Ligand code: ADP
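Let's start with one chain on its own, the form predicted alone, as structure tokens.
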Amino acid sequence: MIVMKFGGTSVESAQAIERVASIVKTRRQRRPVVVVSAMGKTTNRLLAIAQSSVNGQREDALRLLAELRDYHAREARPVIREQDWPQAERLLDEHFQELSELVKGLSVLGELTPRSIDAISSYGERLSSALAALAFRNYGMDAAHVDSRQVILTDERHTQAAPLYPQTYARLEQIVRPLAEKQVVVMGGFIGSTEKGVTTTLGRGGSDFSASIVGAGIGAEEIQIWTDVDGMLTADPTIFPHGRRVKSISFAEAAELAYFGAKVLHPATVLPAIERDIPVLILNSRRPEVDGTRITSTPVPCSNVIKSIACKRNITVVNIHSTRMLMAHGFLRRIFEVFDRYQTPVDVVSTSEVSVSLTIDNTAHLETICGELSQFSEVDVERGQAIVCLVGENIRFTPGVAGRAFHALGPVNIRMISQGASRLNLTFVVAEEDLAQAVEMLHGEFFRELDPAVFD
């Protein structure tokens, strides 16, 4: 039994849905459970509609809602059998009637709460999964739709809910696993519900997380994440277009890459998979013949020190200087208490005798944070920075990696340097304008020769 997750671009059109159906059909003997994201940019459109309604533009919101219904009907019609189309139309009518009522209610309330955000944004996956299940029948598969809200149980933190794992795993074992023995099960990613039945979401990008939860719950032999890229690459293709495919990588390396900007994988995806030791594959729905990237608990031996270079743009460096000659007892604790109070995560930290430099990518509360820090320190801020992170299991065993990186970077001014406690990464902060040059230089240094067992 396997889990196959398809992202929004993989189900954005009739042609894309047909492609997905053909991929799933070739793996029918492996008893797939399919998890799909919302079609195209549906979630963004739903949230924009909700915001228009709250802003008093109810008629505009209803017009946009009608356009969204037309989009779903237009793309679903060619891939659904004639005898199943009345069921599809009822499905569309019911869901968009509910959405219309929600939009009207929001215009009266004039407020968009986290609970209402979850309610309205859940419809993308609810629609795409139900329509995909009907479409699969058109391609000779006996498919069953399962509403993810019936099996993915979460806490009540709307827009960023955390799964209740024991209850969720029990329902997946009881409901989804027996069904998948006989039919292709199709579910929506990203969505769940509280134990009281209130709709929740796992946060943006949560469909990958959903797939991993489902895989752990049904005891899948493999979790496949189907995207629009060939797998993980040695560098971000939007920054350095000549990266090579990484055929195999460890869970720990994948998690580091995801945290430091690799967008192929949601950072939380690996957690249930690690717990149950289930391999995760990153595959391309437009090029299903490519083997992709396999993520496992035990890394394949590799002669290269580095597996990949991750990047994060739009980083802000906060430099905090002790107002005393030496850092007083509790100085670091006071600093991080301020960031914690405003729920602002810190990525990279570097310390000296009298100062601390750290990076953040969420500046929503930066002015207030700096105000509080200024009560016991001197603070200055550098915007327009970027993180460059070298990731590889071999970093911990190989001397001189930092020296090679410094030599390669040459004229690029390094603002900060940090090595994680895991010793899987070596992280630099550079000005964003130097990012492309830095990645190119580092790639040339560490990927001049490639181990064919790990790289393609």
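Predicted model only: the values in this text are computed from it and were never measured. Counting begins at 1, following the sequence as shown.
Another form, the form predicted together with this ligand, is not on view; read the next lines as being about it.
Taking non-hydrogen atoms only, Asp118 never approaches this ligand to within 4.5 angstroms in the predicted bound form.
The shortest heavy atom separation between Ala235 and this ligand in the predicted bound form is within 4.5 Å.
The shortest heavy atom separation between Ser308 and this ligand in the predicted bound form is within 4.5 Å. Trp226 belongs to the set of residues with a heavy atom inside 4.5 Å of this ligand in the predicted bound form. Only one of 84-92, 350-358, 176-184, 257-265 places residue heavy atoms within 4.5 angstroms of this ligand in the predicted bound form, namely 257-265. In sequence order, Lys5, Gly7, Gly8, Thr9 are the residues of 1-34 having a heavy atom within 4.5 Å of this ligand in the predicted bound form; the partner itself is omitted from this view.
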